[in-house]
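Single chain ahead, written as structure tokens, the form predicted on its own.
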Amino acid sequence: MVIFKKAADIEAYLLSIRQKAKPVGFIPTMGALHSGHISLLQQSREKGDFTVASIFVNPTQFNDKADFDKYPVSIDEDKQMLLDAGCDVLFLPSVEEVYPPGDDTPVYDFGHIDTILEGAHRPGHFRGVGQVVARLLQIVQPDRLYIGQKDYQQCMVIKNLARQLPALHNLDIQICPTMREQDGLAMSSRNRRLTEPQRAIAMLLYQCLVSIQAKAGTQPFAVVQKECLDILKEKGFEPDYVALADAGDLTLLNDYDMNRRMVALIAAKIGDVRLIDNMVVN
């Protein structure tokens, strides 16, 4: 595995790879890697891609500085995981490499997607996501981008971003299934911050999603939504939302609509750790 810290160096190296007609697969991460990240890398390798991963904790997507400061960092362990998984290149840029001093950082418009759910609870978050993803894609210029469904709204933002940038119109965006622990908890770097008692009940988010999926078309969503909110609060969570939306454009729905593909989305805080998850309903 070759490691680069400078944008110009990895750009030159990947140019030589593309000249050999080798497709490039890219997995952008913020580190603190787990099996979910590695599954993305495996998808890339299975497709025969020359596989590139990046580790960069992006400051512009944290609307809470305390959350940024607490984000887990485990570079040495991450490097070993990527090496063991067969990653070809790791990009480890500094903030100055991603956001060069004096360069204007574009602001992208994601419409209503940026105003609901995560957008409403984390103002500026998706603006930061758009900025860093656009910059990393500009540097790596991959043929395929691999991202996880756990961050469903972020997946929608990145698809929207690709439509806004002519250079990304041919980018193949692979949205890969959420990897889960045995009890259903979605794998996340933030899970490392959970205490044992918090970890023991964290799977309630998944159980709520299963309930929403199971009761589709048999009960009003408002009833199921209230059941989920009540049980989360009873167990000590602070729910931000339990929502149902059109899976294609994230239009929020007041009730189940069995004539369209839907997605249930949930976010709740336990202690100082905020967890999100989602599940396609039909």
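Since the structure is predicted, the reported quantities are computational estimates derived from the model, not experimental observations. Residue numbers run from 1 along the displayed sequence.
Omitted from view is the form predicted together with ligand AMP, to which the following refers.
Peer 1: Could you tell me which stretch in 95 to 103, 160 to 168, 145 to 153, 73 to 81 has residues with non-hydrogen atoms within 4.5 Å of ligand AMP in the predicted complex?
Peer 2: Only one stretch qualifies here: 145 to 153.
Peer 1: Heavy atom within 4.5 Å of ligand AMP in the predicted complex: which of Q213, N63, Q219, S39 fits that? Just give me the one.
Peer 2: It is S39 that has a heavy atom within 4.5 Å of the partner.
Peer 1: Sort through M203, L194, M179, I173 and report the residue having a heavy atom within 4.5 Å of ligand AMP in the predicted complex.
Peer 2: After the contact test, the surviving option is M179.
Peer 1: How about K47: is it within 4.5 Å of ligand AMP in the predicted complex, going by heavy atoms?
Peer 2: No.
Peer 1: At the 4.5 Å heavy atom threshold, is K235 in contact with ligand AMP in the predicted complex?
Peer 2: K235: no, not in contact with ligand AMP in the predicted complex.
Peer 1: I'd like to know whether L229 contacts ligand AMP in the predicted complex, with contact meaning heavy atoms within 4.5 angstroms.
Peer 2: Because no heavy atom of L229 falls inside 4.5 Å of ligand AMP in the predicted complex, the answer is no.
Peer 1: Taking heavy atoms and a 4.5 Å cut-off, does M30 contact ligand AMP in the predicted complex?
Peer 2: M30 belongs to the contact set for ligand AMP.
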